[in-house]
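Before any questions on binding or motion, here is one chain by itself as structure tokens, the form predicted alone.
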Amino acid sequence: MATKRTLLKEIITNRILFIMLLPTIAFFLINSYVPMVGVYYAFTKFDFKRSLFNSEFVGLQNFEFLWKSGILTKLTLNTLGYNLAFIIIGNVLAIVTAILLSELRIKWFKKLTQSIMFLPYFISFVILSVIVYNVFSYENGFLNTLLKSLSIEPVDVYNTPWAWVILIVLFYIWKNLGYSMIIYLAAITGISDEYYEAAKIDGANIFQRTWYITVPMLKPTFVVLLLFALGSIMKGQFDLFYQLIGNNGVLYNATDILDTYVYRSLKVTFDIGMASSAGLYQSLFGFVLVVTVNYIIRKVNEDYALF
């Protein structure tokens, strides 16, 4: 009873703040919690001739098919592999870039560099796909036109799966590096100058100051960003993969992720049961991964954990 009274008192005291929260609560209820009813379809063989909840219940058959066919393994490895590359390479490059920019003393050049690096973040994946196609198109692409002018055999990039493993990571880093760099640069700006001044007095050079002061101070920011990234590690980057690869079946083995598979299951094969089971697996795997990593971080250093 005491807890209820305390909560009621809190709501009455801060009623304006709680009213301001209502649109956010409504948003998550409508877009995140109500759609969870659709989890039921993961255990059915959906039939469009029947009502929504009158399809044949098949239990775990959809999951069994995904597992035995090898589709689930391939999708999991692809999704995890790409996202780990995005997280590791992206954060390392963002930290290095932020440190280099923080050492620049020419203000106008520093601001110009930040703006140029941040600009790709605002380019949509649709426009990026057009740029990529015009560069790598076999017939009229810039790359093959250049190779032909040099009397070199053209390269059919859209029929070379391994090349897209590199290209997808490259384009993702190119598009998101500026955004990540800004976050780390803000964290570096918040580091007190007293640390660096004391290090200079002790005779530390710029590399030693970076390694023993800047990098350790960025650890909390890195851990928080890592946990946020792990929260969506199984979601992939649907826009990036779908816009660059589209329906090119030749590249599916190397580029297909859970998001694109679910989308194709709904759009092409209209298999709602299979798409729902893949989506449920995706959510549960990501949830377990986040909880596990957060638990490990909390054991190592409780201050860095999210919960």
Partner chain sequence: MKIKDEKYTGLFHSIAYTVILLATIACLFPFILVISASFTQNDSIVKDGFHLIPKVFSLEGYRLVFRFPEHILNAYGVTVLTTVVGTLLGLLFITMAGYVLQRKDFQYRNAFSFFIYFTTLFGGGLVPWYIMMTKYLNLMDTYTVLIFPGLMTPFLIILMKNFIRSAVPDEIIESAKIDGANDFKIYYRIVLQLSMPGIATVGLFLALAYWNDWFLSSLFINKQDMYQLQFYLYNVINTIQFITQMGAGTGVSLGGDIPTESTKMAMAIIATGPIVFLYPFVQRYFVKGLTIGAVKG
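Take the two forms, find the largest set of C-alpha atoms that superpose within 1.5 Å, and that set is the rigid core. Residue numbers count along the first chain shown, from 1. Because the structure is predicted, anything quoted here is derived from the model rather than measured.
If you look for the form predicted in complex with the partner chain, you will not find it shown, but the lines that follow are about it.
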The partner chain in the predicted complex has a heavy atom of only one listed residue within 4.5 Å, and of 77, 147, 88, 100 that residue is 100
Indicate whether the partner chain has at least one heavy atom within 4.5 Å of a heavy atom of residue 142 in the predicted complex.
yes
Answer with yes or no whether residue 220 is in contact with the partner chain in the predicted complex, where contact means some heavy atom within 4.5 Å.
yes
Counting only non-hydrogen atoms and a 4.5 angstroms cut-off, does residue 43 reach the partner chain in the predicted complex?
no
Is residue 121 close enough to touch the partner chain in the predicted complex, meaning at least one heavy atom pair within 4.5 Å?
yes
Taking the partner chain in the predicted complex and a 4.5 Å non-hydrogen atom cutoff, the residues of 24 to 42 making contact are 24, 25, 27, 28, 29, 30, 31, 32, 33, 34, 35, 36, 38, 39, 41
On a rigid core superposition, would residue 47 pass a 2 Å threshold for CA movement between this form and the one not shown?
yes
Would the C-alpha of residue 32 be classed as shifted by 2 Å or more between this form and the one not shown after rigid-core alignment?
yes
Rigid core superposition, residue 255 Cα moves 2 angstroms or more between this form and the one not shown
no
Compared with this form, is the residue 35-residue 242 Cα separation smaller or larger in the predicted complex, the difference being 3 Å or more?
farther
Closer or farther: how do the CA atoms of residue 25 and residue 262 lie in the predicted complex, compared with the form shown, if the change is at least 3 Å?
farther
